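Before any questions on how it binds or moves, here is one chain, the form predicted on its own, in structure tokens.
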């Protein structure tokens, strides 16, 4: 079984349930439901789905030396991960997000970056793994110094060791200090050593400062840019518009580490779009993009075809949206065509 390192953003998601009537109104009181406290961030969401699918997952992140950090560690220990490699910051608080969800609309996050600001990738040992996935660089200021040099160096170390590299982005808040950075330069630096990129359409429009609604043409322009900058496999998620997969040449895939090289012939020069599966009673949109990333990465680690891997990505996203964990049994109920992925070396 391949070892997958999932590194970067880790927090607690704190969500008041049944918050339909709640709003900010000084002096008012609004009745809400019980509090849900779950692991959040790319490390927990992508890593958790990978673990649910059966992968060997090792988390790398930074937490605070506080009560929220203790709660986060206890939850992480119960989620099926391998022993985590977590740094503890004595000065930064554990990261958390307040998640506000109203039915019929996307969720709102109030986020504290906290100890994630102390994550710079230096404690990651990529050569101990077959695949290294880093999630949410826009929420990891320590990786962004000098136009993303720490992340560039981390991926360069991984690539030199034959490790396949993967990155997922997050929406860039243009009104923040991170938003004022030169994201064109940062992403160019990152993509030079990135084998797999799984951003959302919104991640890319915010990073590149493009104020345009979704269109297949714009999604393809983004994919073209990422491929030209060195990425081997690009998967752009766009909610109701589905998942757009584009891949580079056989030669580029052969240089993509131990996960991609054996798949070079079957994955090269592919262009696929998969529509989302219908979810009759959606529960949440939180973590659906991360679940999609996990499905794609798991498929790749199992030697799946592009069609199988993208189908698994879509099924994982639908499972999480329905409020379920994206386990093998759950995704097979949603799409039986991915059965072969769970046989080694498909």
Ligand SMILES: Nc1ncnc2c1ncn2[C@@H]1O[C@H](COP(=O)(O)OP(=O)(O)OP(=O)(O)O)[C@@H](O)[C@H]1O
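Numbering follows the first chain given and starts at 1. Quick caveat, the model's predicted, so the values are computed rather than measured.
Not pictured, yet referred to below: the form predicted together with the named molecule.
- None of 59, 48, 289, 299 but one reaches within 4.5 angstroms of the named molecule in the model of the complex through a heavy atom, and that residue is 289.
- Proximity to the named molecule in the model of the complex, defined as a heavy atom within 4.5 Å, holds among 194, 237, 94, 247 only for 237.
- In the model of the complex, the named molecule sits within 4.5 Å of a heavy atom belonging to residue 243.
- At the 4.5 Å threshold, heavy atoms of residue 285 reach the named molecule in the model of the complex.
- The shortest heavy atom separation between residue 89 and the named molecule in the model of the complex exceeds 4.5 Å.
- Taking the partner from the other structure, the named molecule in the model of the complex has no heavy atom within 4.5 Å of any heavy atom of residue 53.
- In plain terms, the part of the chain that comes close to the named molecule in the model of the complex, with a heavy atom within 4.5 Å, is 313-321 out of 313-321, 63-71, 300-308, 27-35.
- In this stretch, 192-208, the one residue having a heavy atom within 4.5 Å of the named molecule in the model of the complex is 200; the partner itself is omitted from this view.
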